[in-house]
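Below you'll find only one chain, the form predicted on its own, shown as structure tokens.
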Amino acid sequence: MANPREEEATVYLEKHKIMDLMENLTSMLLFHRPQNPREFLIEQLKLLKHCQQSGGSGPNLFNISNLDSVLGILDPTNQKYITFAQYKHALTMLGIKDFNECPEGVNEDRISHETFRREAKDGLQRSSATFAQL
């Protein structure tokens, strides 16, 4: 059982998404492995601040070509769709915790590449949003 001070700290960290911010910054740092990590982190924080103020998208490790690569693995015969199970598994593996459980095509078990890209892009953006929009 946590003491009141620990509970207060946990609430603070969750409210301000501090742990998410640290996880995202660490991921970016390990992915890019810059020569000057401190300067890189400062630049990432400046970018996040700018995105918060402008309502833009924050930095993300995955882009459309990465999502296309995932689709190439899931749909090697290029049928232009994947199953719902593949959709769900791929989004989970990309680190997306909160995603649309009823995407277009779910009833037919045929999620189009376009739908997957859109849902993945939106989910990645939500996952990397370590700030509240102004």
Partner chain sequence: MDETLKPVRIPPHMSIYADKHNLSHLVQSLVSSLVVDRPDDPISYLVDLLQRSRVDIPRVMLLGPPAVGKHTLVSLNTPGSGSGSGSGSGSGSGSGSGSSSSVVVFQAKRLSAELKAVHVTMEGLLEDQSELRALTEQDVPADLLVQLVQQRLKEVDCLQEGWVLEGIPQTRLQVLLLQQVGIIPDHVVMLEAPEEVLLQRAQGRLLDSLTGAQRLERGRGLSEEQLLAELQRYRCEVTGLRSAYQHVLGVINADQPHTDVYHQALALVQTRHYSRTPRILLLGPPGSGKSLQARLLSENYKMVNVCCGQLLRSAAADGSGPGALVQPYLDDGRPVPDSVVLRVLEERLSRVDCSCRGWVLHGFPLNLQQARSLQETQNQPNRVFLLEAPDHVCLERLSLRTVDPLSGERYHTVTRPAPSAEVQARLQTAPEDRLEEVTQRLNQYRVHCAALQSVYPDVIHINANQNHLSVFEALESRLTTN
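The structure presented is a predicted model; accordingly, all values stated were derived computationally and were not measured. Positions refer to the first chain, counted from 1.
Beyond the structure shown, there is the form predicted together with its partner chain, which is absent from this document and is the topic of what follows.
Can any non-hydrogen atom of Asn100 be found within 4.5 angstroms of its partner chain in the predicted complex?
No, no contact at 4.5 Å.
Any chance Leu67 has a heavy atom within 4.5 Å of its partner chain in the predicted complex?
Contact with its partner chain, no.
Test of understanding: in the predicted complex, would Gly95 fall inside 4.5 Å of its partner chain by heavy atoms?
Result no; Gly95 lies far from its partner chain in the predicted complex.
Considering only heavy atoms, tell me if Lys80 and its partner chain come within 4.5 Å of each other in the predicted complex.
No.
Across 12-40, which residues bring a heavy atom to within 4.5 Å of its partner chain in the predicted complex?
Tyr12, Leu13, His16, Ile18, Leu21, Met22, Thr26, Leu29, Leu30, Phe31, Arg33, Pro34, Gln35, Pro37, Arg38 sit within 4.5 Å of the partner.
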